[in-house]
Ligand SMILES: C[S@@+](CC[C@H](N)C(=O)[O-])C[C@H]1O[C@@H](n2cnc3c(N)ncnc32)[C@H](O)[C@@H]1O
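A lone chain, given as structure tokens: the form predicted on its own.
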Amino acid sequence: MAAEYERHRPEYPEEALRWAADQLGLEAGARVLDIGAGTGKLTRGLVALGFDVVAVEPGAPMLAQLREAVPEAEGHEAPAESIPLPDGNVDAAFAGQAFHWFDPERALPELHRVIRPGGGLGLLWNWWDERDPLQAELGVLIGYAGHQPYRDDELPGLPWFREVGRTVVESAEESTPDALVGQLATTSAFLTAEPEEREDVLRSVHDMACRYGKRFPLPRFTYAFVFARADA
């Protein structure tokens, strides 16, 4: 599914990345880590801002896609719980659509270790906009209605990090019924579903989306959080 992930998953709006970088006091040339980098959806946005990016991703097929898509980034195959970088090696770390997969008891000390004193951590999630009629229908069908991609009680905290800011950025892109189905098919809920159930629901998604036309706008929210490294 790595190629499908790369094809269908959205990137992150520049406004959200610039906000996080400003909160972290980063300037062009800063060395930053993209942890749980996947196929490089966030990596390429960080490179575009002029940062020296090291991407760490545990899945070999995903990392292969990243290396092809973003050759400017340094890539390593490893999990967030065992980052193959020296102490204080990066000015900041970022995670896009990934932090909820980490084991925080192991990942947060590792992130604290590789981020230099005075640095910090940025977390981002792209999420549905249920003000959009299509997405409101879709949320009921597939189960995200009324939910957010994060829980406040699961965000980083002391003794490793302290929150310094959060924001929500609105953006939109044009989509199609096929593209929407492709995006959903790469999510964990569908990847782990029984094949027959998966195909039935995706067929329903396609039929629903077709009622909104061959092409339609797909607005989204991007939730962005910044945390300062807690220094002794």
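Note that the structure is a prediction, hence the values are computed from the model and not measured. So that there is no doubt, residue numbering starts at 1 and follows the sequence shown.
Omitted from view is the form predicted in complex with the ligand, to which the following refers.
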(message) Although the partner isn't part of this model, could you tell me whether Val90 comes within 4.5 Å of the ligand in the predicted bound form, counting any heavy atom of the residue?
(response) no
(request) Using the partner position in the predicted bound form, report whether Gly36 sits within 4.5 Å of the ligand, counting heavy atoms only. (result) yes
(request) Determine whether any heavy atom of Gly75 comes within 4.5 Å of a heavy atom of the ligand in the predicted bound form, and answer yes or no. (result) no
(message) With a cut-off of 4.5 Å between heavy atoms, is Gly122 one of the residues that contacts the ligand in the predicted bound form?
(response) no
(request) Look at the candidate spot formed by Trp128, Pro177 and Met208 and say whether the ligand comes within 4.5 Å of a heavy atom in all three of them in the predicted bound form. (result) no
(request) Mind telling me which stretch in 200-208, 38-46, 23-31, 168-176 gets its heavy atoms within 4.5 Å of the ligand in the predicted bound form? (result) 38-46
(message) Within 4.5 Å, heavy atoms only, which of Leu85, Ala98, Leu134, Leu108 is in contact with the ligand in the predicted bound form?
(response) Ala98
(message) Where, within 79-93, is there a heavy atom within 4.5 Å of the ligand in the predicted bound form? Residue list please.
(response) Pro79, Ala80, Glu81
